[in-house]
Structures are given as structure tokens and as C-alpha cells.
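Single chain ahead, by itself, as C-alpha cells, in the form predicted on its own.
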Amino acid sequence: MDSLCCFAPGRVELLGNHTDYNGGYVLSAAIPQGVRASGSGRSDGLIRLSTLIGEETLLRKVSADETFPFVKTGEWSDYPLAVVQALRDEGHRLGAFDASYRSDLPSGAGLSSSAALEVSTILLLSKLFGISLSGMDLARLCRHAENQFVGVRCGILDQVSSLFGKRDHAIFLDCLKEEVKLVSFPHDVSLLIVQCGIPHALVGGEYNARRFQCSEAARRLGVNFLRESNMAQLEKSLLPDLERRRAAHIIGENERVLRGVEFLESGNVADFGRLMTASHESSRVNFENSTPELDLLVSIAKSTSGVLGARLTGGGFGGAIVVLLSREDRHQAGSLIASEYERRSGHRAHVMECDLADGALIANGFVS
């Protein structure tokens, strides 16, 4: 069988931090960097996965007839095998195959390299084995794979962003209804993604702990999801301080996303930037998923000429911030932020100038 090639981009979260698994709203965008999966069917009964890290080829082989669930190793290959598991659980017949992966997404930056790996895998397998699914169904299966088999209780944001991106557009996602709307992004502003030098890792206690705390807050408020509550109800409640702050972050983020869509549609980028900065402050104080390094980057960015707003992006606990700024200032601003951050922290910041990109594709055809 001829080799097929699929590409899935990473994403940047603009507003809506940790709102997805709370049934809320998110504003995100696909970025040009991502994961490319190439592969073909095999006749020897093996699933063979490989990737190149630096000069080292990492390889994993399992039997295609092996009784799943597969044995988790905690390595990158758990993600594509989790997708295999999710497809099989849905009754799809998969044979042996070979898949090799190449990525230009920085690992641990909060840009959803894991979802890009999942999406590129499910696109490849869909083409190899004649599986026809909608973009949202693909996203749901990838989320299921990460929730059930990798162990991260994430929402659907990352997978939807990778699949539904469109050049020069943000993605507005209603996570409860699982509906997507594309919002035009103003041409006179741009984004910088600035890594703090401390990678984040979501396969651990903090992410899942936040999800549990939000669930408890919703239960005490008498709603299924925090999206169904509001600040007035929260202020009247008797929630313990920790759960009150977690709920305040999610409720406030949902409000910021809805206002942010309005600001983008009207071209009000200054107020959109202020929402981004307010979002970071809530992450720092209420959700406690920021770090001193991310806080320092945001502080430096806010004092840099041309910057309209800045916040952490992704799950937090390390990773990167996203900066909104005038397009004409982005080259100089990125250099200034990186040099000042290194001077004050001792860590080297990696700066990516980011354009809003198209979503995942199979060969020469988009899937969304």
C-alpha cells in the first residue's frame, strides 16, 4: 500500500482556560506548527510506531492482534495506541500498520502536541482502514483516547482546535453543545507565543485535581457544569474558599470568552487584550495554575511597547504565554521580552511569532 501523510496542527488558547471540561466556552486558534504522520498498512501483524527526536529514532512495536488495552509506558507512543484503542472500542476494524511521526511543535509548551499527535493518528488510520467520521466525531474519539487510556481528564478543546482551524480566524467553541463558530481575527494584530523554559506536564495530579475541584464546586452549587452558574449565585453560596476561587475562575472565563468574541467581531482589539490580561490574573489568583516564570513573562510583556494583552495559554503549571500585540511591533517586542526575561529569571525564553492557521488535513484535503 502506498504511504499516506496527514498533518495536525497545535493550538493556542486565546481565552477560556480550563472551561472546556466545565461545559463552557473557549476561544482558540490552530497554529502553523504541528505533527505530521506518515504511514501504510503492514502484512506482518505488527503495529510499528516511530519518531525522530534529535538524532535518535524512537521505536515501539506491538501486535495488531494483541488484546487491548495496551500496556502504558508513559512515553509518546501511548497517545497513538490510545487512539487505536478508542477506534476499536467503537467497533472499527483496524489491521497492522506502520506510522512515523515528525513534529515541529515544542514539547511541554502548552500548545497541545498531544492532541496533534492524536489527531494526526486518527486521520491516518481513517484513511488506511476506510473509516468515515465527521470532524467532531474525530475530536470526540481523540478526547476519549486521552481521557480513558492516557489518563488526562481533558476536555475537547485541543482536538477541536486542531481539526477546525481556519487561517486568520479564531475558533469559538461551545463545549456543552459541541458547536464551533469561526471568528475573523483582525489583520493589524498578531500573536507571540513565549515559552518560559519550564515545561508543563498534564499527566499528573494538578490537572486532574482542578477538574475534581470544579466538579465539587458545581455539585455544591446545584448545577451539572459551572457553565450553568453565575457570579451572583456564587457570591450567595457557602462554598469553601478553594472551591469558590476555582468556580470564580471558570465563571469569569466564560464571561470573558463571550465578551471576547464580541470585541473581535467589532475590531476592538484593545479591550480584547485587556480580557487576556484579566484572564491571566484569575489563573494566578483563583485557579493557581500559573507559575512565577509565567507571571514574570506576563509582567514583562505588559510593559513592552505595542503589547495589548498577555496570559498563560494551555493547561498551565509551566509552558508558555500568548501575547497579543500590533503586527508591526512583534519582531522587536519578542526580542525585548526574551532578553529581559533571561536577565531577570536566568531562563531562556523561546519566542514564536504565530499566525492563525488552517486545521488538520489529509494529503491535500482538509477534514473540517
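Residue positions are given as counts along the sequence shown, with the first one as 1. Bear in mind the structure is a predicted one, so any value in this text is a computation, not a measurement.
What comes next is about the form predicted together with a small molecule, which is not displayed.
When the small molecule is considered in the predicted complex, only one residue from 128, 221, 154, 248 comes within 4.5 Å through any heavy atom, namely 154.
Put simply, of 207, 79, 172, 101 only one has a heavy atom within 4.5 Å of the small molecule in the predicted complex, and it is 207. Considering the small molecule in the predicted complex, the lone stretch of 338 to 346, 307 to 315, 27 to 35, 41 to 49 in range is 307 to 315 [heavy atom distance within 4.5 Å].
With a 4.5 Å cutoff on heavy atoms, residue 16 counts as touching the small molecule in the predicted complex.
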